[in-house]
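Only one chain is given next, in structure tokens, and it is the form predicted on its own.
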């Protein structure tokens, strides 16, 4: 069995995954995305950066920090018939908040009210339609960067003017959500295959609760309602290994906010008591066995 881990650089999560693979008797090859030089017309017989032909890999686990590098490499490998986790299809949906919202909507999965507009004038109307306060997000991005809560028309106009003047075309797609008054926390649930293996509350005094922005993690019990929502959300985007961000509204309803296809989990194993890296490795190896 030959496995590769595609990375931008080795973070804490990748170190944990490598250790878990080694415990399982597998030494994965590390494939650095900065070393990729792929002849996309040349086929899977050409060598990867390790010198091993791409076609000799039973599976590639994609863990790139760079969304574009990871996604385009998945597109190439999947076109060649090389098994990856996650697939290009899943990555392309999860990497784009608009596409994620569409996937959730197709499957009738609850999410915050969301509108999309393409000009400053229509964006202002969309914000008014969802009511103030509203949340403006870039369609691509992570770690809570460039999120903005707009409380009134003046702040909305200022943010839109800055994005229109300074941003690229991605920032000129206005993805606007109704603000959800959550109880000082949100939920991040981890789905591996057909199992919701654990979840955390992310608590913060700030309205952005990402642990990357200082949110504190604590265990969140997996209730039947939470598990059902996570399973349906994961299936909506193609399944695999995913982190699902969920909001609780004032009535206690759970709303899927975002889905991450290259999840970070360094802050989540300790509070949940679940060895997330070991779960990921077990699922990965099982997928290779299924293929064989």
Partner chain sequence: MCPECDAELNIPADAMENEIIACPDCGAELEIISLNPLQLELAPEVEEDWGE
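Positions refer to the first chain, counted from 1. In this text the structure is predicted, and so the values were computed from the model without any measurement.
The form predicted in complex with the partner chain is left out here; the points below concern that form.
For the partner chain in the model of the complex, the listed stretch (29-37, 226-234, 248-256, 43-51) containing residues with heavy atoms inside 4.5 Å is 29-37. Each of 19, 171 and 263 comes within 4.5 Å of the partner chain in the model of the complex, counting any heavy atom. Under a 4.5 angstroms non-hydrogen atom cutoff, the partner chain in the model of the complex has residue 145 among its neighbouring residues. Using a 4.5 angstroms threshold between heavy atoms, residue 66 counts as touching the partner chain in the model of the complex. At the 4.5 Å threshold, heavy atoms of residue 15 reach the partner chain in the model of the complex.
For residue 278, no non-hydrogen atom is located within 4.5 Å of the partner chain in the model of the complex, even though that partner is not displayed.
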